[in-house]
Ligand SMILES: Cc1cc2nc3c(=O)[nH]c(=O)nc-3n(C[C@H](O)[C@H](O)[C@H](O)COP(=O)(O)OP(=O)(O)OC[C@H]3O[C@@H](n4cnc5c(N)ncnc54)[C@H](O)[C@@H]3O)c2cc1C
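What follows is one chain in structure tokens, specifically the form predicted alone.
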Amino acid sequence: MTPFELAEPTSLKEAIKLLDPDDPTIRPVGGGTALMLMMKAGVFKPVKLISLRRIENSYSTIAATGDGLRIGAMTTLAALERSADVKKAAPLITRTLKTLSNIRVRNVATVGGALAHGDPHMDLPPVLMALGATLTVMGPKGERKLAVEDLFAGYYETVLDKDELIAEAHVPAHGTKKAAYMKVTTGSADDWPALGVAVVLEGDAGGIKSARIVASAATDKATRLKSAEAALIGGKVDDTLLAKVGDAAADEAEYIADVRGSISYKRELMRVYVRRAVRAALEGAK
């Protein structure tokens, strides 16, 4: 790695002031699990890193609210996985994190970093999108609210300005909704997936009142499959309807080919696993 300067601000406001929107070689860093790999590979050569590890502790905490969860952006994925509040309010997150990379990464990687990195292979973005999560984003002009659904602009790209930081996430409670996340890995269970599908439903096999279906990894960003959602709502859930939903998802998604599979392979995965994820949610995914 090339030499770089390390700044360690003690507040989020101070960290934002150190960012320069016109200088791409200055970068904030939370857990650094992805950034360090990029630096070692020579893909990214920063001149200055802004460490967020010493900012206010409030950004590393999880709090139950009246309608869900408030999760600080510097909360580690391991803390999220072990939280009793998360398990009670949004058990889909708890289940998902058990195979998100490995425990060494989860001990260091942060919620904010997992979102801001824009990696389409990550498990957390599609799950938070399906749950209808929102973000508080801080910048020099103050704070703004942003749905996780609107965060991603493309392959490793987000809509965040270069001098903005994710401060916290708000996740609505599951309530009576049914949810599941399924992923297909070509290696071990915690490997990067060829496809990830998150489903959150309201209703039962007799009729679905609302649905959010999100796909990732096979696409260049986590993406809601709105035509598949529309096909699912209102009808009795049987093999015929599930086939229709799977076909709609396969036709709607825009795919990328990579070492984990061709476009045709991923399209077929989408057709099959959207059906499976809907059924798993209805049956009570464990």
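Model, not experiment: these values are computed from the prediction. So that there is no doubt, residue numbering starts at 1 and follows the sequence shown.
Another form exists, predicted together with this ligand; not displayed. Remarks below refer to it.
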Listed range touching this ligand, judged in the model of the complex by heavy atoms within 4.5 Å, from 207-215, 140-148, 85-93, 160-168: 160-168
Distance check, V47 to this ligand in the model of the complex, heavy atom within 4.5 Å: no
Close approach of L35 to this ligand in the model of the complex, 4.5 Å, heavy atom: yes
S101 within 4.5 Å of this ligand in the model of the complex, heavy atoms: yes
Close approach of H121 to this ligand in the model of the complex, 4.5 Å, heavy atom: yes
Contact at A130, G196 and L225 by this ligand in the model of the complex, all three, heavy atom at most 4.5 Å: no
In the model of the complex, the one of V184, A109, V200, L135 near this ligand [non-hydrogen atom within 4.5 angstroms]: A109
